[in-house]
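Okay, so here's just one chain, in structure tokens, the form predicted on its own.
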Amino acid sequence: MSEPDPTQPSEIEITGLSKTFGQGASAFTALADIDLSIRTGEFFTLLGPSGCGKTTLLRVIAGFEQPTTGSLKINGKEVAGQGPNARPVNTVFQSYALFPHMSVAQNIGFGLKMLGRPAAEVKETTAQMLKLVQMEAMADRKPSEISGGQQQRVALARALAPQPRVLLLDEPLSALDLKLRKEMQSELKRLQTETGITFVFVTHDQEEALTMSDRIAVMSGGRILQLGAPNDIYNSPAERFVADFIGDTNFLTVKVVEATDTIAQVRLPGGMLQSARLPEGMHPAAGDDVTVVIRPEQANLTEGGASPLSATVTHSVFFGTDTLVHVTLVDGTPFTLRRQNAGNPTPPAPGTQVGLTFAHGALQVIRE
């Protein structure tokens, strides 16, 4: 399936939506003034820490919670106020909630039977779903006789069987071990691509979001802080929270020397000048202190010769494919670099004096 077309109508359209629990002094606003369009056929992820509102938003879309204010449309139809059964959505939860006394095939077909579908259709669709999730050989087994990853595939097949317009997934990989979780990331993306169904995925795991998503909404405090493609979210974070939450990040406080609409010349610790990208709409003045963000893989070590920053190696951490080298800058600021191990020599020993250089466009000024 091709990438979702940004010009096509939205599958889910949310306008001015808020959700408040309780009343008076004890009231808690879980969602505040959410505006969001989710396109038909895209893999969309709600990403953020615990308590940011992502699961509440998913439950509002599902119909398990009703918004306090605002509009929620699915396929162009207003659904605010309707229950889950009236919406063209299905949900896969953290706990797969399979019926232990039923076989894999019976679990998959259960929802279709409850919808009153003919027996022949239930049988045919169940067979199609078993093939889709590659579980044909286990159709007669009970949930207790299959692995956690296989149980998750059954839960997915059961949710996909009625062919909902939208599939909602509430951290469905959190109970799996690391290797199986990575395998299921690829499996989920394959299923979404093959079915063409709109997936709305909730997670606090940055890697899951970056790996699978067409677009990501980063949430905090019941609000969407940034919305965009994984590459944009990672390489051009809108503010400090997003930069800090998505991947490893270095922050430096620097002074602006001069600035245009898109680029600022900043003075680094130690005195050298460097160019830094400016976020849209930010216009710092000469003499202002600003924060720049630099990803660890965008910095390189040099030994000897001039470099924008001088530092002292404190320690290194080996991660197999790469090594994190931790250094301290001349002003005492800690800084981390990521080096690919293939073809690179052993990192300098602790106490070694080194210099740092940066890839083109590596520095970006961010909003606090």
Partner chain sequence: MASDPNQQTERHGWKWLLSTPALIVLVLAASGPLMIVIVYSFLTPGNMGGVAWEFSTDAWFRVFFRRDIFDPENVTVNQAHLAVLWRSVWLSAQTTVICAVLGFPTAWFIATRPPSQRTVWLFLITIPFWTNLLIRTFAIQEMLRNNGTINTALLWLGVINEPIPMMFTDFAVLLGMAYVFMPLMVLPLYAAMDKMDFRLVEAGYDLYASRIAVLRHVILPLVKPGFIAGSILVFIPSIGAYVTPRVLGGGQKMMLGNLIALQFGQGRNWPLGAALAMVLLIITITALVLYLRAVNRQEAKRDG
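Each form is matched to the other, and the largest set of C-alpha atoms that superpose within 1.5 Å is called the rigid core. Positions refer to the first chain, counted from 1. All values derive from a computational prediction rather than experimental measurement.
Quick note: we don't show the form predicted together with its partner chain, though the next part is all about it.
Residues placing heavy atoms within 4.5 Å of its partner chain in the predicted bound form fall in a single listed stretch, namely 108-116, out of 124-132, 196-204, 212-220, 108-116.
Three-residue candidate spot Thr29, Gly51 and Lys73; no residue lies within 4.5 angstroms of its partner chain in the predicted bound form by any non-hydrogen atom. Taking the partner from the other structure, its partner chain in the predicted bound form has a heavy atom within 4.5 Å of a heavy atom of Val89. Its partner chain is not drawn, but in the predicted bound form it has a heavy atom within 4.5 Å of Pro162. Interface residue remark: Val256 is not counted as part of the site for its partner chain in the predicted bound form, having no heavy atom within 4.5 Å. When its partner chain is considered in the predicted bound form, Arg39 lies well away from it, no heavy atom lying within 4.5 Å. Here is the short version: of Asn85, Asn231, Thr262, Ser186, the single residue with a heavy atom within 4.5 Å of its partner chain in the predicted bound form is Asn85. Screening Val290, Leu225, Leu278, Leu98 for any heavy atom within 4.5 Å of its partner chain in the predicted bound form leaves a single hit, Leu98. The partner is not shown here, but in the predicted bound form the stretch 139-154 reaches within 4.5 angstroms of its partner chain through a heavy atom at Lys142 alone. Core-superposed comparison between this form and the one not shown: the C-alpha position of Met212 differs by less than 2 Å. Annotation: Cα of Pro100 displaced by at least 2 Å between this form and the one not shown, core superposition.
Relative to the superposed core, Lys142 shifts its CA atom by 2 Å or more between this form and the one not shown.
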